[in-house]
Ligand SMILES: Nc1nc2c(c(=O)[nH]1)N[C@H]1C(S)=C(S)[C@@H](COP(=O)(O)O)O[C@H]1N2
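Take a look at this single chain in structure tokens; it is the form predicted on its own.
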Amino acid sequence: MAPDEVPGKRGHTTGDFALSETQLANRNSGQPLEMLRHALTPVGLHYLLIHFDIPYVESAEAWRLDVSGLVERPLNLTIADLKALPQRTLRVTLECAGNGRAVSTPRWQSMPWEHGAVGTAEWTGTPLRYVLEKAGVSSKAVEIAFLGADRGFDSNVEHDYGRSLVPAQAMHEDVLLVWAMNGMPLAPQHGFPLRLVVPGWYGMASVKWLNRIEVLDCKFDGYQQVRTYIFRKDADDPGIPVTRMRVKSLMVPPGIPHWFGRARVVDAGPVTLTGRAWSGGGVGISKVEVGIDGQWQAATLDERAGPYAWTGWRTTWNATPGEHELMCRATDQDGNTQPLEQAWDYAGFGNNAVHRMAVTVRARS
């Protein structure tokens, strides 16, 4: 086994992708960028990042959610118990924190996302706060941990996938315990029968196959909380935890593709360019600009479908024969704008550089 394929021996690399990286790419999937035309991502095309194995769940009826720790009333809830509580449906854009890692140089060996690790769905469930209020969270609580049924190793550390929120974050009315996606029961790969959805945050916070909530009197020290999902400049940097999504936009590839390499070909003349833009924490998009060979023009924004959903945009390009580079960049309502070049991150997290696309325009015959 090659050094870059030994468990726990990952590092940075350049050049071709290792077998371990392509194995991850074959297990996980991004959204094809042409599907950005859909305001609501079809379930089967929403991006997936599954760290370990998909747990086998025989039935939703047998599933239990345990709530324990610093609570007045420990709970053991069925899906029916959760459905008896008040319900909400929210349209939420989720993006993997590692989206764009594959274009880093050198890159951290992990899931080699290029652009497609994003999707928008309508999630139905009960606000988490109703369960926490039912349990009676102690005023001494420091963090609340959420653990799934998926278990495995990362860097030779065995653990259940788990993340945590501080009580104030967990009690936000928009944090949901979800059992349905786009009006249907969760698919196995999306966390059937129960998952957490934390709107406005990168996807790592939205724990799938959720079966335990633990209220703690200390900070949660789970691997996925303290060993990864941290913005770092180098291995010794204590870093900043990854939380809210950064402002970002993507373009629907215009024209038609080559099978190998996906290069784009467009006929000369007026071309409608479209895409989606989003930001984190419920912050809206104020503008999207489209670059044609370095010259920027404003795009028209669609009406937003909710505080956590992406915004559609469109503009017209008068395409002339030759080779061209297209770009798109978004600015959110807090004034944050996508950078032209990716900011370096040790593990390739949070890449929100402008989306660039090479296009060949052919003369109409």
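Owing to the predicted nature of the structure, the values given are computational and were not obtained by experimental measurement. Residue positions are given as counts along the sequence shown, with the first one as 1.
As for the form predicted in complex with this ligand, it is not shown, yet the points below apply to it.
Scan G275, P193, G203, G100 and let me know which has any heavy atom within 4.5 Å of this ligand in the predicted bound form. None of the other options qualify; the answer is G203.
This ligand: the contacting residue among L165, M251, C96, V175 in the predicted bound form [heavy atom, 4.5 Å]: Only one option qualifies, and that one is C96.
Partner-proximal stretch of 265-273, 233-241, 182-190, 101-109 relative to this ligand in the predicted bound form, 4.5 angstroms, heavy atom: Stretch with heavy atoms near the partner: 182-190.
This ligand contact in the predicted bound form: R329, any heavy atom under 4.5 Å: It does not: once this ligand is placed as it appears in the predicted bound form, R329 has no heavy atom within 4.5 Å of it.
Would you classify G148 as touching this ligand in the predicted bound form, given a 4.5 Å non-hydrogen atom cut-off? Yes - in the predicted bound form, heavy atoms of G148 and this ligand come within 4.5 Å of each other.
Would you check, heavy atoms only and a 4.5 Å threshold, whether Y223 touches this ligand in the predicted bound form? Looking in the predicted bound form, residue contacts with this ligand do not include Y223, since no heavy atom lies within 4.5 Å.
Under a 4.5 Å heavy atom criterion, is L48 part of the interface with this ligand in the predicted bound form? Result yes; L48 sits at the interface with this ligand in the predicted bound form.
Judged by heavy atom distances of 4.5 Å or less, which residues of 210-236 approach this ligand in the predicted bound form? The stretch 210-236, when checked against this ligand in the predicted bound form, contributes only Y229 at the 4.5 Å heavy-atom cut-off.
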